[in-house]
Ligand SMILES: Cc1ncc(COP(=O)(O)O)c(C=O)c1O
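Take a look at this one chain, the form predicted alone, written out in C-alpha cells.
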C-alpha cells in the first residue's frame, strides 16, 4: 500500500498560508491532495517517492508530457533574456502565425493568460460585434469561474428546472445575483431546443457559446450533424457562433474540434495545450470581430499577455505538434482510443456498469447503466460513489487521472504506459465488485 504521509504533512503546513492548502480548490481531492517533486514524459513522482502514470497532465495542458526536450531547450534559451517586456517581440507574431496556419477561424487572434480570461474577452467581443446582449449557453458547459461565466455548470437536478425551459443557475456563493441576466440556458445536443430559443428571441442574441465537445461534464461528443445545424441556425438568425476550445484545441486535432468536425465558428477560445503547460490562452476569429480591439472601442489589456517565456513554450509546442505530419497528436489519440477500449473491456469482464466517452486524447469514465449519454442531464445518473472509490484506488495503484474521472493522454504516453495502466486498473476493478 502506498504511503501519502509526506503529502499529508505538506498539506497541513500549507493550510497555514494557502486557503485550504491548495492553489485551486478543484485539486483538493481524495485520497489526499498530492504534492509532486518531479516528472518526466508521462510519469510523475510525489514527495513520498510514489510514481504515477499521469493522465491529469496539469488538468490538460501538458500535451507533450513533462520535460519534453524541445520545451526544456526553449525555456533555457528564453530564461537568459528578459522574462517580460510589456511590449512587442517577434515570438508574438511567430506564434500567432502558427495558430493561424492550424485553426480554420483564426483570421486574427489575440493572446492572454488563462482560459477564463479568454472567454471573458470573447463574450465582450461578440456582444460588441453584434450590438446585442444575450448569449445562449448550455447546461454543464464550463467557461471559467468568473461571475458572468459560471452559470449552470454542474448544477443539481433540482436546480435545473424543466428540460424545455432550463433555469440559469449561479455556480457560487458571492456571485453577483444579476450575473445571469444576459444569459439564456439550453440543453446541449438538442437542435430543437436551440431552434425554439432562437425563434423566440433570435433578434436579441449576440452568440451561441459552447464547448464543441462537452469535455468538462463527461467528454460527451456532439451528435452527428449537431454542430452543423447550430451553425445553420446562427446564420439564419444573425447570431455569432462561439466555440470554447480551451480543451479540444491542439488536442482533438491541431486545428481543434472545428477542424475535426469541419464547422467554423466566428470566434473561438483556446488554452491548455497551446503552450504545453505554460500560461497562454488565445481568442481567435474573424478579422472584423478581433479588429474591434484596435478601432472598435473594445477594451482589453494585460501585463502578461504574450510574455516571451510563455510564448517560447507555445512556439516549441506548436512546432512539435505540427512536425512529421502531426504524428504526436495522432499517437496520443490512437493510444487513448486503445485505452478507452481496454477500460471498457475490463469493466465488462468484472461485471461493472461503465461507459467511456470522449476521444482518444481526452475521455471520461461514467459508472452508469445508461446506454445514451448526450447531454449534462444524462450524466446525473452516474454512480458518483463508485467513481470516487475508483479514483482513490487508481491513485493507490499508480494511475493518476483528473479527479472528476477524466483521462488526458499526451504524446509522451507509450504502449508500455498503456499496458501498465490497464494492468493496474484490472486490479482496481477487481476491488469494486
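Computed from a predicted model, the values in this text were never measured in an experiment. Positions refer to the first chain, counted from 1.
If you look for the form predicted in complex with this ligand, you will not find it shown, but the lines that follow are about it.
Contact annotation: of the candidates 306, 222, 358, 144, the single residue with a non-hydrogen atom within 4.5 angstroms of this ligand in the model of the complex is 144.
Checked against this ligand in the model of the complex, the candidates 94, 337, 114, 179 yield a single residue with a heavy atom inside 4.5 Å, and that residue is 114. Taking non-hydrogen atoms only, residue 216 approaches this ligand to within 4.5 angstroms in the model of the complex.
Among residues of the shown chain, residue 119 is one whose heavy atoms approach this ligand to within 4.5 Å in the model of the complex. Heavy atoms of residue 211 reach within 4.5 Å of this ligand in the model of the complex, making it an interface residue. The closest heavy atom approach of residue 247 to this ligand in the model of the complex falls within 4.5 Å. Residues within 4.5 angstroms of this ligand in the model of the complex, judged by any non-hydrogen atom, belong to 135 to 143 and to none of the other stretches in 170 to 178, 135 to 143, 283 to 291, 86 to 94. Although this ligand is not shown here, in the model of the complex the stretch 272 to 301 places heavy atoms of just one residue, 272, within 4.5 Å of it.
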